[in-house]
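Shown next are two forms of a single protein chain, provided one at a time as structure tokens under the names structure 1 and structure 2.
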Structure 1
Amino acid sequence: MNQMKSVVEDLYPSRVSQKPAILERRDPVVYPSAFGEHVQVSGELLASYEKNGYVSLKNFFSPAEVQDMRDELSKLWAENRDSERKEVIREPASREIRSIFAVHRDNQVFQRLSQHPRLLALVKQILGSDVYIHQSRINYKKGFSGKEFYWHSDFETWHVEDGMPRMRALSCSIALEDNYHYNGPLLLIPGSHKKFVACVGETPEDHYEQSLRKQEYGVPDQDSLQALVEQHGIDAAVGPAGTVTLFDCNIMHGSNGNITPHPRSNVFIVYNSVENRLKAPFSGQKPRPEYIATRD
């Protein structure tokens, strides 16, 4: 008997056409939750997340908790200064560390952080299910020299290059220093999560080896960006160290370079629903490595 290979429908085709397109989102933002009786998350918070695609929670972590994380961040930076580990990503034009991936896997402090009960309660309430960690990383943006991260939807990359089928994931950004308007904070286009910008350009093999340093494929075209900004504007996720920003996998976001003396380093933990596990990449290429996209 011939076994038929199951085919997952591509609801969000991208990098397959010569022209960009803006498609309607086909998934909820806040999912019906099985945790309503056990978790107390305000309806106002959920409504704000559904409308804007993100929420910022100031003083989520205490100064003592932030200092512990900051000490560990400094230790990681020193330990990996000359490292050739694949998890250590450097700036495109220098040897400065840009990101370190899989910190929840390799570091006890950030592993505990990824399992923080209050954080998990919020995430599970929004995604309506149990979750697992799709990806974790620290983004370093040193004073005077931290480079920009261009506009993008994380989901576009996770869908095309990792095989994430639906928009049922979110990122948690934890500020380890004060985030000001001027030191390269996270910028978000509120409301853009309800549209999907299909990008142009066929994905090169092993694209992640370049894209983690500077992304050139899977970035939105300027006309689509202008249309989204004209409709929704741009918000900056500013706040003191210890602020947590939760943002939808499909919201358009990025950050400017940092030419100020004030560093801006954030921990990013990406949670995906256990009901949204990765399939074969929609690009048709081999999956990216586990330290970027957990498949287990």
Structure 2
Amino acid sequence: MNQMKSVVEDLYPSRVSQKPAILERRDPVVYPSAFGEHVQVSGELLASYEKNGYVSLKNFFSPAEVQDMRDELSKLWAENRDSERKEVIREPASREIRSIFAVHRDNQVFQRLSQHPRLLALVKQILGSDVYIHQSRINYKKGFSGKEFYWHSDFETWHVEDGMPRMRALSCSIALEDNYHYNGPLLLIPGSHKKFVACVGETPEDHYEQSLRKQEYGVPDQDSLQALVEQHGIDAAVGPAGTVTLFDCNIMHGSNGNITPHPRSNVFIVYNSVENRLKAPFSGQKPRPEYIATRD
């Protein structure tokens, strides 16, 4: 290998300019099959995923399977109540557990789940290769006071902070409770996965004009969001417990808060193609830890 080949071109620069920009996606959404004919996955499902950037599969898991996962989640919650492990993320105000990371690595039940044959076949079909797990976690979003999660593309973060070179990864969210319109379900902008919103990287010169806007790294600007929503609308991933939602790494998504009594727990597994392993972060900074972004 010569020196040139080891330099990875940044196809999706973000947080480097003072102005936001909407770039074209330069990668497929559904990759050419590496496994011959699509025996297990319908062409219709793949076409819908390609177009919208996500699919929602109701009753993918049975009530009994969901109950097993919920029991395991409760057990993990209890076991980690006083844990100081870095994988355990807590609410800032209450020290209640919000998420536990790397459950595919540390817990047998979720390890097995992450290798679920039907799920894995679907993921490999979409990404057109073998896959590995980039990140996993279980989330508990409680009722009455669940906080919103602002719009973002996961890929933007994984690219800039973790060094994921191409768009060849997807997230799998398994609903452990019923998701209604009113308890803060996952909101997606269908079709937004075909654009890349490059975020601003430093305080813009015309800061005074934007002082009312939230300014954090990796936050898409309001004009870009407005344009995407005007073109594509907004979908909500509602459905009963056991629903699986697969969504592209670059789809714009978020969720509103939740004042209802209905909590929303879910299992979240990110699969990345083995052809798309992490490089050095494009930010030039040091990579995030292994339990957030697998590098090994």
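Source: prediction; values computed, not measured. FYI, numbering is relative to structure 1, first residue = 1. Under this definition, the rigid core comprises the largest set of C-alpha atoms superposing within 1.5 Å between the forms.
Student: So which is it, 1 or 2, that shows the form predicted alone?
Tutor: Note: form predicted alone is structure 1; the other is not.
Student: Quick check on D82: with the core superposed, does its CA move 2 angstroms or more between structures 1 and 2?
Tutor: Shift at D82: 2 Å or more after core fit.
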